[in-house]
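Read the single chain below, which is given as structure tokens and is the form predicted alone.
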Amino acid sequence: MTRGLGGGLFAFSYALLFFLFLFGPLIIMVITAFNSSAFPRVVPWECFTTDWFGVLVRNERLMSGLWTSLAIGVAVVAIAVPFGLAGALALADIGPRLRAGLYAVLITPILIPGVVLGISTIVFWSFVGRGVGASYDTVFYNGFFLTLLGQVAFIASYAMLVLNARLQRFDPTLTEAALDLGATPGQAFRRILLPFMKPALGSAAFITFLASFENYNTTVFTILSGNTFTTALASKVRLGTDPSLSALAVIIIAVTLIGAMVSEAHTRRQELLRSGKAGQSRFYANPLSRLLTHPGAVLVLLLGVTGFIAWSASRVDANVCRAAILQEKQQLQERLMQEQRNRIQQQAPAQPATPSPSNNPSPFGGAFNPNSLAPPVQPAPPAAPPPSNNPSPFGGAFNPNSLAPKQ
């Protein structure tokens, strides 16, 4: 009994620490996004505010990088998913001997470091541009174009892995039966294979978009002088952070939760409709309640609740609270300064006697006194000695007249 209780306590403690480690940073970022402090912190709490969301939206560099990242992500999905589908179909159609080699070739870009991919993309396409005589304003030196190609080079492998996993469950006899019944290869592909691959295509598109949106190692080189959302965010963190980044985290968490709830609603609805239990349920028998289970209705409801919460939070005015916090800080600073002055007066020794004033009271010897630039007054020269017959300091030894005999 004691051992079972101890094991249950250990399992609970381990699970608590695991979830705290997993969700602790997210909880802290959510709290700091609504604190009026200029530096992201939880304590001491100052005022509730939503101003940091406005600071985030007014950051032109981040917003410009966001639109650039969205455009690149959509373009990467449009190119990488068909490439991945082609690679998955090639792996399914070739023999087992060539399959291992082709798989190694298709999976290699994932294993190459992103820094190497970014630099090699710049070097290769600049070499091609110089070979065709292209100028620097062409696509060969365009950051958007280079980033798109650099990301597709390895993100297409992600799409291939997702689609290949789904394709291994496909029964090829269905396509063969369609061909035997007179369907063309294109019709068999569109009406049999694509509907079967539809869930995997959606998953591959979602994964490739996220991989493109959050990529930094390759993009920081290929974007050249431009900015994506990740590169602009990294430069902002290097130069100094503020709670606007926490506000960004709150937006990402909200979008993720809404997407997960809508996806779960869609999955459960499809399972109920497929199993036939929906017709036996009173909840689905009512048209209004059945409408509420539709993923579109769930999305509208969640967006409405989120919008109402955001509107209610934006109505809170933090100026009064900030003025009170500022006044409290000023009073605390004045009190500390007064205590310091009192402490200095108590610890100060007896003052020495005041020295007598001098002509040069400056501690620098009058070096910065403009009057000190005048030439100093020279003392009067001593009185000249009376003239003598031998003014030479050497006793007239070198005076030829001194050699004459004295009279």
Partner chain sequence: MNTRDVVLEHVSIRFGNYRAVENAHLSIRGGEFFSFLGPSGCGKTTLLRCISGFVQPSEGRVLIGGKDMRNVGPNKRPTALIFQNLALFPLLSVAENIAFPLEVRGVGRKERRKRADELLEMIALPGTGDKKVHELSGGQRQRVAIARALAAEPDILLLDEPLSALDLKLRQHMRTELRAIQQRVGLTFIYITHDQGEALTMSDQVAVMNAGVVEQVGDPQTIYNRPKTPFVASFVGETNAIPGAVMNQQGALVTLDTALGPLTGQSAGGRDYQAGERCTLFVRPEQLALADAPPATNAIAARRVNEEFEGSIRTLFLNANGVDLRLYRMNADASGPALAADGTASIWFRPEHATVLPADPSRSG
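The structure presented is a predicted model; accordingly, all values stated were derived computationally and were not measured. Numbering follows the first chain given and starts at 1.
Absent from the display: the form predicted together with the partner chain. The rest refers to it.
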- the partner chain in the predicted complex: contacted by all of A177, T184 and Q187, heavy atom 4.5 Å: yes
- Of the residues R130, R191, H294, R335, which one places a heavy atom within 4.5 Å of the partner chain in the predicted complex? R191
- Of the options D93, D317, D171, E271, which one has a non-hydrogen atom that comes within 4.5 Å of the partner chain in the predicted complex? D171
- Query: 118 to 126, 236 to 244, 252 to 260, 193 to 201: which one contacts the partner chain in the predicted complex at 4.5 Å, heavy atom to heavy atom?
  - Reply: 193 to 201
- Query: Using a 4.5 Å cut-off on heavy atoms, which residues of 46 to 80 contact the partner chain in the predicted complex?
  - Reply: none
